[in-house]
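In structure tokens, one chain follows: the form predicted on its own.
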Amino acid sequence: MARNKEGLVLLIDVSPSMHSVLPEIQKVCSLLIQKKLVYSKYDEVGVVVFGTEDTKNDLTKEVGGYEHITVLQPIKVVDGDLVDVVQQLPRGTIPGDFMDAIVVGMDLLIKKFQETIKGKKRICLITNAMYSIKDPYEGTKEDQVYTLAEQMAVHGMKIDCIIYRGNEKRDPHENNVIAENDMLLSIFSKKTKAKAVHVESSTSLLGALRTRNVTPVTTYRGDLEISSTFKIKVWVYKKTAEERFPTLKKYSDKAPSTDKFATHEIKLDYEYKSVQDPTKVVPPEQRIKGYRYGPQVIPISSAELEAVKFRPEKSVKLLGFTNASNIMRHYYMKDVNIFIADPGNKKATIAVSALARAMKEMNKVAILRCVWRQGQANVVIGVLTPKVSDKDNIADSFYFNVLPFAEDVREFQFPSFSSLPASLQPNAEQQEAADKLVMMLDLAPAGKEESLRPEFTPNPVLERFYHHLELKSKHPDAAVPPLDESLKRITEPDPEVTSKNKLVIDEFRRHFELKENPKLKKSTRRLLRDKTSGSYENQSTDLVASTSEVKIETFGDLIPVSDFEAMISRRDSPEWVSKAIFGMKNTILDLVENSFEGDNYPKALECLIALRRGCVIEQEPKQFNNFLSHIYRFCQETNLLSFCEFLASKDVTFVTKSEAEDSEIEEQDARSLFVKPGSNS
């Protein structure tokens, strides 16, 4: 018998009120079987529907009652036929009694497994619980639920309840029935292992059913060292981890069809041959790894590689505390772990709870140094965030996120909106349109179920893969089907929400309408003549909007400003900004140096203004300020003081701190620092 084998009974409500959502139930139940065929092929599953006109179950024959409940599939090992069963659920005509269905499901599990696989027997109830259940022959409905819950605990069963409720309006009587049924289902969680989930949309229903059981395995068991004399026993588990595609193995059909024990697996052997003599095989003892170091390749043997590895002792140590605001959300790396006190250790539970509550009260987080296993080749630094429970039967705990080292951080410099000219910032009308768009497309509106909650949203890529795998198992030549409509609701905007908020979206589009910029079709000299104002500060241009579709890689003499703007706006490599600035500097110096009686000065001024504007947008103030100082010294050394006088008359200034945070020039010093040249003595 498989170690982690599970016995599962699906109890599905097919009453008339569930007909609209049955297609989604068929899909999610099919996915459950498909995943079990990949990951848990020894699991056994049974299917029971209630609300049918017919009755087919053992309890009706043995003791009577339990009408309108049909066992579609007795418990058996999962196979392809089981997928067909859940894909063809009948449509019932009678209001279903979910409590009777639970009894039938328990009866199936008890008869099939007796006292075996305790803790691995599960009932999954899918219903809207909108119909009143029958009164028991003895006692109250609550007494009946308590009795069932106690029997579940005795036989090692657990129950998952998925309660689907749409947004339809209901009369007071229906609301009273729903409230009573919710109360009855909540009793299971008090007496046995149970989980109840309420969903309002078919998309949430797809993720509400746990389609794969992952046995929790501790990452670490040991001490959380506060100091050398104070240690808390903790266990560490994975809280979230990305689920990947199942491993696909190479398969061979060369084995004889009569060989029942053939594995059809392929074994790979690699041979390393000499470059000088391709026929000579190099044995392992004559091979060594090499690492590039400049122009050299440094050979390092396996023994040296093992010796140089860092092998710290297994431990989790507290380094200190810091304000929660000091740890940015974008610092979190990899998966999330959860720290809990050693189960059964009362002192550890109290210590963890006290520490978590103190940290939460003071808005602090802890920084830990972690080595999960003996012989682990790396050290992890991470942040421990308190998780104070609001339930009496769940202890306090911590969430742990790995933090990056300096080598792991990627710096991307972006200009701040506050440092840009007013013409490059949204106006009041644009801001209001954006606010309305965000408000109207809220995924968690008041009084409604939040859309796309992570715990209820399945991965559409994996869902599609498993569906195609099942299809190929029956039809080997089947083509890849189009994306299912239910998965489109996850990957694409909701058409209903989009149409409902069309006016808001159209208003946003009007305020941010993109138009072709005709400026690139003229020479920059003509552009300057066309402008009404002579001050360059009023001549700001959106570099991103005016970028040509042609990717500029070099500067031309005809329209250097346009070439510069196109190059500095390229985002396919971070090198283009520095190349554009460097090229424009050389262009300006060439224009000034090759000028005859100042004929190139206006064009050099255009280029200098464009360079200044680009350095402000890209937040490179030092590049411009240093170049302005350099060009002043260059003109003094080459007897071109007339260009300095020309710049002074055009009021060219350094980039100030108010325009770019990295600038060292204050607003009041912008003009005084640029010394106007005196007359020749």
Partner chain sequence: MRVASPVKTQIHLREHFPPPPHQTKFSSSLKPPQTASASATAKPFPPNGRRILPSTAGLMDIDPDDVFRDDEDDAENDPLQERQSSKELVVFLVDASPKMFNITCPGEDRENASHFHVAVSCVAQSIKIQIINRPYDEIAICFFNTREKKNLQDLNGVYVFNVAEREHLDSLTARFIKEFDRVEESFSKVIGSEYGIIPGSRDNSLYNALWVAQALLRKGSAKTAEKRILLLTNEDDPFGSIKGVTKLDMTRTTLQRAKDAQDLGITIELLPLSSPNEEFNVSLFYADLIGLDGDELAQFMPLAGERFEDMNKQLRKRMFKKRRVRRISFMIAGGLSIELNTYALIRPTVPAKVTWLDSVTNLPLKAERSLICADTGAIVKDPIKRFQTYKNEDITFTIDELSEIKRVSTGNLRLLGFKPLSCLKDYHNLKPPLFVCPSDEEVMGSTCIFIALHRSMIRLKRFAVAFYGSSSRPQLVGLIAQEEIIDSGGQIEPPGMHMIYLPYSDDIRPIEELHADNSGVPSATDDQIQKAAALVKRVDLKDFSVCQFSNPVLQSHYALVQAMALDEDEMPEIVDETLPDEEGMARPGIAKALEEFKICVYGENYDEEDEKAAHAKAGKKRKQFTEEAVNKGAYYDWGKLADDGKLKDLTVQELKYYLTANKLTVAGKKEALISRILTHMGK
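Note that the rigid core is defined as the largest set of C-alphas that superpose within 1.5 Å between two forms. Keep in mind the model is a prediction, meaning the values are calculated, not measured. Numbering follows the first chain given and starts at 1.
FYI, the form predicted together with its partner chain isn't displayed, but the following is about it.
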Looking in the predicted bound form, any heavy atom of E150 within 4.5 Å of its partner chain?
no
Taking its partner chain as it sits in the predicted bound form, is Q34 near enough to touch it, meaning that at least one heavy atom pair lies within 4.5 angstroms?
yes
Even though its partner chain is not shown here, does E115 get within 4.5 Å of it in the predicted bound form, heavy atoms only?
no
I'd like to know if R287 sits close to its partner chain in the predicted bound form, meaning any non-hydrogen atom pair within 4.5 angstroms.
yes
Thinking of its partner chain in the predicted bound form, which stretch from 170 to 178, 472 to 480, 104 to 112, 600 to 608 has heavy atoms inside 4.5 Å of it?
472 to 480
From the list L591, C161, V86, I232, which entry has a heavy atom within 4.5 Å of its partner chain in the predicted bound form?
I232
May I ask you to choose, among E496, E411, E575, D390, the residue with a heavy atom within 4.5 Å of its partner chain in the predicted bound form?
E411
Is any part of 258 to 282 within 4.5 angstroms of its partner chain in the predicted bound form by a non-hydrogen atom, and which residues would that be?
A262, T263, H264, E265, I266, K267, L268, D269, Y270, E271, Y272, K273, S274, V275, Q276, K280, V282
Superposing on the rigid core, does the Cα of S325 end up 2 Å or more away between the shown form and the other one?
no
Return yes or no for K195: a CA shift of at least 2 Å between the shown form and the other one, with the rigid core superposed?
no
Rigid-core frame, C-alpha of E313, shift of 2 angstroms or more between the shown form and the other one
no
